[in-house]
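Okay, here we've got a single chain as structure tokens, the form predicted on its own, with questions on binding and movement later.
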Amino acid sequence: MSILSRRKFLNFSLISSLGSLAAVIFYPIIRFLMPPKTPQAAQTEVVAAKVGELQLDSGKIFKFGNEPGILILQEDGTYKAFTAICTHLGCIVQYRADLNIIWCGCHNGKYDLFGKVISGPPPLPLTEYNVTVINDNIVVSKKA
């Protein structure tokens, strides 16, 4: 059985102390830099607009819980709603009436009016929402 020499004991103590000091200093800094994990709101439907608020062949960004959504009034008078977050890098998409598409300006991602990717780097389609008109309210809800 070997006994720890005084030099090894002091080296071990010094390294342990420095490691503990580094952890005490850097842990709060790292926790400060990381965003807190907030639970997603359990919101399943929202009033996105009032009837008559949108012009034909136009779109509007609305809040759906913590995320933006996009509501589109098509030329035929029907409403479509999708998440407004591009599936590529999370940029906000917009409706382009001149091209009749949903467009992401970050990297020229293009989606059709069913949320499917037409071109560009987005890997996945947009999530589509249900749209119903109740009285004068346009209500958008998540699909079951």
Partner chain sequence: MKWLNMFITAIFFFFLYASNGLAQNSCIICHKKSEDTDLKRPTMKLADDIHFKNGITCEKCHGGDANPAFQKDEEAAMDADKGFIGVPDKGDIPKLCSRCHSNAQYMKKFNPNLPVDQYQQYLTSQHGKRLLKGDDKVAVCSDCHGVHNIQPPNVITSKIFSVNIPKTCSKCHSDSVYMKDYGIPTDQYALYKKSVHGINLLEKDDRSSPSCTSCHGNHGAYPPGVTSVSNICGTCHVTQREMFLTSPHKEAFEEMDLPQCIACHGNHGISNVKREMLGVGENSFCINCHDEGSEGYLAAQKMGAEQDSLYKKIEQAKLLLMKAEKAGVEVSEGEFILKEAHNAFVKTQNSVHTFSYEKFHQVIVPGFKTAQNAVQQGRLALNEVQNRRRWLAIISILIFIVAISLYFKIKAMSKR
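None of the values given here were measured: they were computed from a predicted structure. Take the two forms, superpose them, and find the largest set of C-alpha atoms that agree within 1.5 Å; that set is the rigid core. Numbering follows the first chain given and starts at 1.
Not on display, but discussed next: the form predicted together with the partner chain.
When contacts are judged by a 4.5 Å heavy atom cut-off, Asn11 counts as touching the partner chain in the predicted complex. Within 4.5 Å of some heavy atom of the partner chain in the predicted complex lies at least one heavy atom of Leu21. A residue is said to contact a partner when one of its heavy atoms sits within 4.5 Å of a partner heavy atom; Asn130 fails this definition for the partner chain in the predicted complex, lying far away.
Residue contact check for Ala49: none of its heavy atoms lie within 4.5 Å of the partner chain in the predicted complex. A single residue from the set Thr78, Asn100, Gln55, Asn66 has any heavy atom within 4.5 angstroms of the partner chain in the predicted complex; that residue is Asn66. Although the partner chain is not shown here, in the predicted complex the stretch 92-124 places heavy atoms of Ile92, Gly105, Cys106, His107, Asn108, Gly120, Pro121, Pro122, Pro123 within 4.5 Å of it, in sequence order. Relative to the superposed core, Pro121 shifts its CA atom by less than 2 Å between this form and the one not shown. In a rigid-core overlay of the protein, Thr132 has its C-alpha displaced by under 2 Å between this form and the one not shown.
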